[in-house]
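What follows is one chain in structure tokens, specifically the form predicted on its own.
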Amino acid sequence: MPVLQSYIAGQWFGETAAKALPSAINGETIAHTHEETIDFAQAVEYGRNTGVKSLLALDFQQRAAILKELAIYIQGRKEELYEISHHTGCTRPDSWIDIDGGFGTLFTYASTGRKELPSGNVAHEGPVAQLGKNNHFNGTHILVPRRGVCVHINAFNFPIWGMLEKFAPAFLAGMPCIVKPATATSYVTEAAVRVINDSGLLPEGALQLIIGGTGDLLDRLEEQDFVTFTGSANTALKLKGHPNIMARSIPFNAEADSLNSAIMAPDVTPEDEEFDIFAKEVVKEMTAKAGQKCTAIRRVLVPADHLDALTDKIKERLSRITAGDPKEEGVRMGALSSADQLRDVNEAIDRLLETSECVFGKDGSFKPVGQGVENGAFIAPHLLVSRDPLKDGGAHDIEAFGPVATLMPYNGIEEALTIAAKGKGSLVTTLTTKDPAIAAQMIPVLAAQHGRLQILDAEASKESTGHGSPLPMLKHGGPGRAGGGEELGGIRAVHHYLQRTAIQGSPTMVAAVTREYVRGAKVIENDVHPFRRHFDDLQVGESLLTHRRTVTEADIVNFGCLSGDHFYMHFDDIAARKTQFGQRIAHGYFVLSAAAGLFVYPGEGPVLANYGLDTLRFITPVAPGDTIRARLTCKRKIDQGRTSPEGHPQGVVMWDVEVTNQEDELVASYDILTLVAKRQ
């Protein structure tokens, strides 16, 4: 059997067999961990020196491009990962969550980085605050790479997704990662890291892999480093309290297993489509990954009047589930990940039965199919009922991390909310209801103790990604027992790995640091219109102050006729006099159009398209007879590596636009996004 190797300081390490890792399907040994001790001082030094240096030689946009290429590469080799993942007890759909979900997260963060991060390695988190009366002193925030290493300690249930969903935002943030997968399924993570290394896409030192224990790794971390953990609440508490982590205030993010619930609202009856949808969702969450998901449904809250009907419906669905070797035809539920996990789940069920009764799973009829499955880690789905869910303990405290759920009858919405809160903080809850008023009443209360809430009705069920599916664009994590941390959530996850710092100074100095024009900063004016300059030549701060235009009665009438906008403020003199403005005023969108007429260069040039307008505000009204002018300034350049359909390179330029009147009062303010060609 092969010996799994760690990947430390750019080298595969370990040759002597140590702990045997058995297949969850038949108990046969798949691989061994290695016996050799890792030099964690070397790993950390390599990450801090080589890894940080190579990552920061790239900028946000370049790292985002690498993530996309890496996702494409892994996608092309996913079938070999599916073959290995099978030994963890996964069905094909189970492995899809882990493997396709993993490289899918890379795709999402590649796109997020390209859209939301600048070129360079300083992200400006505005707005800029004017701290002095005459705008000589400003303040704002920047986000910068921490220049440390990130240690990811992951759970056994998602050996690929669990690694990549943390790696993607950390990589974007410029942090080299040291990944420690759970030993039981580390053979899948090792295979994935080998695929990643084969791609040749990652800069040197960006990713290291630990097979086995972490030794003195946490003792060697410093203030600029970062630790993330996914696993049990008890282990999270132990790691969070590590003396070095506490003494150095090293950021620690925990995502712990939680006692997630599904709540059938009192308006749902057995005759409703939502009743069947609810039962289907519970069964899916019990059997997907054999219930080994931190987001799986553990507590099922149902109106007391419908307890028996829901019990029968779930039992009927569970009875149709075939378990066994996922390669056998018709198998819909695989095994637990290991014999140790099987033992832990059985022990947890025994403890749950002290306060609950089993209504499915204990009749001895469970027979997994496949050769050698008697030596595997298979367990029947178990459906329990807690008759007194208002009491503390039991299913409110004990998690069987497998295909186990406990039904809990309730009377009234307030009681349901009380029962749900006894989970002491959860990752996710699903509320199934037909009534928007019930959702509006319950969701804000549930939100105080949950990281994510799904509202499920017949309409949502047509496209729902499911109770147990964290999505890269939405926050994953929860308060209390769930660990109190946050992962994913789109750009928020990248920000977690960056250092947020407030900066203060003159507008010119703030603009220099943020690489973004700040109003009041010195501008660059020359004889060449900014729209005639290619992306490569254009400088942040290049500016054009236009000629003036006096707004006339005819302008307002013509614009109203052209647009069809005959709002009374523009055409009814008597009505307009009664308003706070005291007179008729020009259309705001006329001012916008007139400003474009003032600053746009009409001839052919490098500016290819205007594809967006942000932060538009109309500040001072413009009346007939007022004179306006515009200042157009290059605010930000973003090199996304774009090319036109014909293959011509281009970049994104954001322009700051200030429209003022004859009193130099600000009339309109906005940003324009344009595509600008690079020199060939």
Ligand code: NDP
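Residue positions are given as counts along the sequence shown, with the first one as 1. What you see is a predicted model, and the numbers here were worked out from it, not measured in a lab.
The form predicted in complex with the named molecule is left out here; the points below concern that form.
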Triplet T355, P389 and P409 all within 4.5 Å of the named molecule in the predicted bound form via a heavy atom: no
Exactly one of S85, N154, T430, T514 comes within 4.5 Å of the named molecule in the predicted bound form through a heavy atom, and that residue is N154
Looking at E399, E190, E542, D325, which has any heavy atom no more than 4.5 Å from the named molecule in the predicted bound form? E399
Name the stretch, out of 263-271, 238-246, 132-140, 447-455, where some heavy atom lies within 4.5 Å of the named molecule in the predicted bound form. 238-246
If you check in the predicted bound form, is F229 within 4.5 Å of the named molecule, heavy atoms only? yes
Flag Q341 as yes or no: does it have a non-hydrogen atom within 4.5 angstroms of any non-hydrogen atom of the named molecule in the predicted bound form? yes
is_contact(G478, the named molecule) in the predicted bound form, heavy atom dist at most 4.5 Å: no
Should K289 be classed as touching the named molecule in the predicted bound form when contacts are defined as heavy atoms within 4.5 Å? no
Suppose contact means any heavy atom within 4.5 Å; which members of 291-318 contact the named molecule in the predicted bound form? C294
